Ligand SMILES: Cc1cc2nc3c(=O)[nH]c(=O)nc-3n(C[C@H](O)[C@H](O)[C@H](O)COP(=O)(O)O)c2cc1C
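Just the one chain here, laid out as structure tokens, in the form predicted on its own.
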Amino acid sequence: MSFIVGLRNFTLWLLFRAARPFIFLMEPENAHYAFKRVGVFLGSNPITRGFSSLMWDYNHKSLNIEVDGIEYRNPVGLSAGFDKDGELTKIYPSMGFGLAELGSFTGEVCPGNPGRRLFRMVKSRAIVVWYGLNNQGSEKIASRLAKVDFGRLRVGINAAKSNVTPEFELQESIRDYLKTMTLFKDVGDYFTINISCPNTQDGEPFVDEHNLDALLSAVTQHIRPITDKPIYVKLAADISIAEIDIIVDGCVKHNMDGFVLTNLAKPSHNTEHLPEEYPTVKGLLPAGKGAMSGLPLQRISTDVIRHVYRRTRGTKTLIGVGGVFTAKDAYEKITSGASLLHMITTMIFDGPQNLSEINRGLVQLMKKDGFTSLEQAVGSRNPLPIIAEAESPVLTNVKKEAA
């Protein structure tokens, strides 16, 4: 069966490679919305969903994994930022996704940033994003998704702060997060608190330790009592290890369930792309704007996964995001400590069949290492440091909880 799936995927890859030059003639955002309409159609009825499954899906029991009490059929997920209004959930399982993180959703309706907002960097295998959290707002989206049966798809709800003003006001911003999370308390399987969008008017104010403490205190007080869904926090890619430690320790203090690692990479902090390809150089985007997904993020996100896994001693769930194009890329993040993965850019450059190829390859890599389940692979190449309890905020926190 694996050979047949591999042959199918290779054939589809050849077809996609032949079609890609014509697809890339379209403006990236126009192409996104065109394929979004196709996805809505394919997910609209059992016949097209069944056809799509034959084209793209792949299942294997060794890919099943339980994370924070939730059963996932495989670890390959869609990253937030693709399905901003949660309109494609019917087609994702047929494409091979085990999970999809929808949004980001905000308390208020957001039009996003003006002008061109999506760019391709073909040689760098990257996408530059300048959307600015455009979405229909949590009230409308939550009302619609409350009626949707997600079936075998596991769904994450990515909550961000409304990008409607350049002025930051702490309590109003916290109310914005709480509004979204409250409206989605019965929708989806987990929450991600997005404190790291690089394309907002007021920056990333919740990277600040005191602001984050206020936000997480409010989440603990108002959201924990009304839902038992896991809550993760999404970190920025462009902060120092010291800053990461402050944020991680703060999240541990407030008993957050894990982390999504990481958000987009800013060009000013990244040397793993071709600068001449960046749209600001070509005059297509104002200087200092936009951030990258894809290959320039690959090494950075994996390094952060390794660090946070060791910092939290493997006690927190990690979701790896950034530069996953092959099964080897995915496996590196898993063996570094990630239990689940998010991706977008591989579909744009390699085609949707690459999702099942990644899953198929993961089965082979686990078998090669003698693993019969995905849980056995998580963190297997990232041994935890031996440290005293007094040096570990996680161990100290766990002891307090036990008491």
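Owing to the predicted nature of the structure, the values given are computational and were not obtained by experimental measurement. When you see a residue number, it is the position in the sequence shown, counting from 1.
Same protein, other form: the form predicted in complex with the ligand, not shown, and the subject of what follows.
Contact here is defined as any heavy atom lying within 4.5 Å of the ligand in the predicted complex, and by that definition each of S79, S104 and V129 is a contact residue. Only one segment in the set 241 to 249, 290 to 298, 89 to 97, 266 to 274 has residues whose heavy atoms sit within 4.5 Å of the ligand in the predicted complex; it is 290 to 298. The closest non-hydrogen atom of L318 lies beyond 4.5 Å of the ligand in the predicted complex. The ligand is not shown here, and in the predicted complex it never comes within 4.5 Å of any heavy atom of I70. Mapping the unseen interface onto this chain, G323 counts among the residues with a heavy atom inside 4.5 Å of the ligand in the predicted complex. The ligand is not drawn, but in the predicted complex it has no heavy atom within 4.5 Å of L362. Checking R306, R154, K229, K84 against the ligand in the predicted complex, a heavy atom within 4.5 Å turns up for just one residue: K84. For the candidate set S52, N354, S339, T345, a heavy atom within 4.5 Å of the ligand in the predicted complex is found for exactly one residue, namely T345. Using a 4.5 Å cut-off on any heavy atom, the one residue of 224 to 251 that reaches the ligand in the predicted complex is K234.
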